[in-house]
Ligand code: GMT
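Next comes just one chain, in structure tokens: the form predicted alone.
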Amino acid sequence: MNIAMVCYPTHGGSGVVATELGIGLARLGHKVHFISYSSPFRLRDFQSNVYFHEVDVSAYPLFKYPPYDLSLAAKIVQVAHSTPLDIVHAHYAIPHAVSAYLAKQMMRGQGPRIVTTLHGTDITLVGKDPSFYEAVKFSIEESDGVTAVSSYLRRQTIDEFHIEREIRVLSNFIDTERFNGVVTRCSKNQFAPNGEFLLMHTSNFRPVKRMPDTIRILEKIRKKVPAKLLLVGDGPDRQTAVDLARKLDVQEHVIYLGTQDYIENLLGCADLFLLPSEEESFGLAALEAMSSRTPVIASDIGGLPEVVENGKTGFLLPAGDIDGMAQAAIRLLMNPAQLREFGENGRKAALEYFEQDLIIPQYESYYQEILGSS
């Protein structure tokens, strides 16, 4: 098949999954065309059967905001004219699925089939905005196939947008060989030189991630055991975290690494992974930690219970329950045997349910099903 993969190229779950899916499909012999405003960060080196098409956005004085959705639609048409595309896989309803639909209409309905994958914020945040609601609903209903990354997100989409068509649940996945917990490029002593436990959190530091809660959890943990906190990522709540760490007098125990492309080199160094979000449609970061044999302390919300098994691969507590998360972390850290057991359980779950070689063929079959129904 000739497949166009339309996604955001930035650090985030949707871009990561879209890129890894495209690379995996290319390895199976399909030709995959990534279409975005810059090359996806996970698209490293040369990949056979993989092509990248950059969307150019012109900033005419007439436009207050450059119309990326129109430029994206035009680029999809341009790619389709040079390569007979079978599938346009849009990751996010807006703008990607809307642009794919517009491109198909520009080709007088003779264009490729559209598959839309819902990743979360397009439903739980953007979709709830009245100015986008109808566009999200329309793009879902007009796609030839729709998938969601978790059963939770599927239910949310049906409830929020009153969708009656099928939404197929195809789980997020990872390369478990890459996220294997083997430490080759990082030393725990580099971050915890005095034998402290190392906690870790990675995200885009948006308010929904409740990243400052990790600072509060660290402060409570340190009252019982020595610990450091490694923060990976960047975003609007970084300065809030810096100020809070100073206020709680733990600033010297918090390490900010900024955005990192090779997160697998760090996860194996951590003793625990913290994800106290108030909304997670899946929790890809938690899965990456589990595959790296790092137990997870997270919120009992959204799709996280489909990833983290409470009391076996980590602990799930109500969002905002800082005391509960800190106590759960202390119990694990003070019980080395259980900490190792949880780590091995997480690795086993990743291999058994979320390995890319299990999930990517499901997408391949879904494409063929959509094409067969045309």
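Note that the coordinates shown come from a computational prediction; the quantities given were computed from them, not determined experimentally. Residue numbers run from 1 along the displayed sequence.
The form predicted in complex with the named molecule exists for this protein as well; it is not shown, and the discussion that follows is about that form.
> So in the predicted complex, does residue 206 come within 4.5 Å of the named molecule, heavy atom to heavy atom?
Replying inline: Residue 206: contacts the named molecule in the predicted complex.
>> residue 292 versus the named molecule, in the predicted complex: is there a non-hydrogen atom within 4.5 Å?
In response: Result no; residue 292 lies far from the named molecule in the predicted complex.
> Would residue 24 sit within 4.5 Å of the named molecule in the predicted complex, counting heavy atoms only?
Replying inline: Result no; residue 24 lies far from the named molecule in the predicted complex.
>> How about residue 9 - does it come within 4.5 Å of the named molecule in the predicted complex, if we only consider non-hydrogen atoms?
In response: So residue 9 does not count as contacting the named molecule.
>> Counting any non-hydrogen atom inside 4.5 Å, which residue from 149, 296, 231, 245 sits next to the named molecule in the predicted complex?
In response: Only one option qualifies, and that one is 149.
>> Counting any non-hydrogen atom inside 4.5 Å, which residue from 71, 176, 121, 156 sits next to the named molecule in the predicted complex?
In response: It is 121 that has a heavy atom within 4.5 Å of the partner.
> Can you pick the stretch from 76-84, 103-111, 246-254, 198-206 whose heavy atoms fall within 4.5 Å of the named molecule in the predicted complex?
Replying inline: Within 4.5 Å of the partner lies stretch 198-206.
>> Heavy atom within 4.5 Å of the named molecule in the predicted complex: which residues of 338-364 meet that condition, in order?
In response: Heavy-atom contacts to the named molecule in the predicted complex: nothing from 338-364.
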